[in-house]
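A single chain, nothing else alongside it, follows as C-alpha cells in the form predicted on its own.
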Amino acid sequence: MKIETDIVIVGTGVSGLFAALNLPKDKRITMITKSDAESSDSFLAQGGICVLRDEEDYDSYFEDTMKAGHYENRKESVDIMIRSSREVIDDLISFGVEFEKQDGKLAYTREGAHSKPRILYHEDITGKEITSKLLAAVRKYPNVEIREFTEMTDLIEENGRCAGITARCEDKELEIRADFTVFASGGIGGQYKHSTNYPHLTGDALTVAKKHGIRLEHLDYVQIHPTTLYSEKPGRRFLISESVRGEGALLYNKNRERFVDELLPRDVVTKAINKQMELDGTDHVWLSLEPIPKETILSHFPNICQRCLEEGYDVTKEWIPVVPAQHYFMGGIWVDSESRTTMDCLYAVGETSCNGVHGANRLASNSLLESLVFAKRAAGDMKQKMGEQ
C-alpha cells in the first residue's frame, strides 16, 4: 500500500505533535505511532517543564544544565533551548495547557540540581497535561492523519536523501513517501528490564539510522532515574518525580540514616543509592515525604499518592521503597541546531535525537522543553525549505 504525503512524522509524543502543529496547514502530514497515540513517554512526564524566569536567571540556568551534563553539553544548543523557553511556554498556554498558579501568576517549583525554582507544573502529571492538549489540537487539523499501531520498518533512501519510510500495520506493508521525514520515536527503555519507559520504545529509529550510515552520537549516555517505586512485579517502573525531593523529601537507608544530598544531579544520587543498597544488602532504599506538608503532598502529587496507595503505601504516613531504573537516553541520532540529521530531508527530534543539550546527564525537567524547542526549529527549517522549492 502506497501513501503520498508531504511530511511523515514517526511518533506522537510532544516533539512529533509540536512539529506537526508548527508546520503549514496546507501540507499533508502523516503521523504514525507503534502503539496508540496516548502511549508515549511524554504522557508519563511528572515533574514539570523548565523555563527561563527572567534575564537574571540565565547564567544560573545555563550553569545548572552544563554542570548536570558534566560540561559535555553543546553550548549552542543549551543557549537556544533557554532563550526559546518562554516563547514555547506561551505557545503551550495558547493550546490550552494549564500550569499551576499562585495569586494569578505562574507558580515555580524546584528540582534536583537546579539552583533555584524555575519549573512550571500541573500537579504531578505535567506531561499528560501538555501532551493531551497538543494531541487534541493536532486531531482538529484536517491536514494531519494519525495512524496508530503502525511500526516503522525502514526509511526510503534515494540518491542519498530520505524520501519517506516503510512501515507495517497488522499484516499490511506500507510505503509512505514524503518530501520530509521526522523521527520522533522516543527512547530505548524497552531494551531494559527495569525502566520507566513504555516497553514498545525500543530505539527503532536508531536501528534504521545505523543501517543507512546516518551519524549517531553518545549511544552510551543513558540516564538512570534514582527514584522509582520498588516492586517485584514485572513491567514498567512507576516514577517518583524529582520534584518530590525538590519539595523536601529525604532518602534513608535500612538503618533510618540519610546517606546523600537529595538535590544532587540524578547520576550522583543514583550512584549513592546503588552503593547504599550494596552496603545494606537490600534491593531498595526508603523515601520519606514527612518534611512536606500534607496539603502540599495531596495537591502537588495526587497521582503519586494514588499509585502508591494502590501498591499499599500511604505517602502521607509512611516511607516508600524506591530503586533506580533506566529513565532517559541522552544520546541518539546526531542533529544540528535545526534538528537536521546527516541525511538530507530527514530530521530527528525529542529523545531519539542528540542535539547536545543534555551532555552526559540530563537536568531534571529539561526534556519536555528541549523536545518542544527543537521540534519547532525542525518545522521552521522545513517551512523555509518549502518556500525555496
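As the structure is a computational prediction, the values presented were derived from the model and not from experiment. From 1 onward, residues are counted along the sequence shown.
Although it is not shown, the form predicted together with a small molecule is what the next lines describe.
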May I ask you to state whether residue 200 is within 4.5 Å of the small molecule in the predicted bound form, using heavy atom distances?
yes
Is residue 267 part of the interface with the small molecule in the predicted bound form - any heavy atom within 4.5 Å?
no
is_contact(residue 41, the small molecule) in the predicted bound form, heavy atom dist at most 4.5 Å
yes
I'd like to know whether residue 35 contacts the small molecule in the predicted bound form, with contact meaning heavy atoms within 4.5 angstroms.
yes
Segment that reaches the small molecule in the predicted bound form - one of 335-343, 25-33, 54-62, 317-325, heavy atoms within 4.5 Å
25-33
11, 46 and 151: each with a heavy atom within 4.5 Å of the small molecule in the predicted bound form?
yes
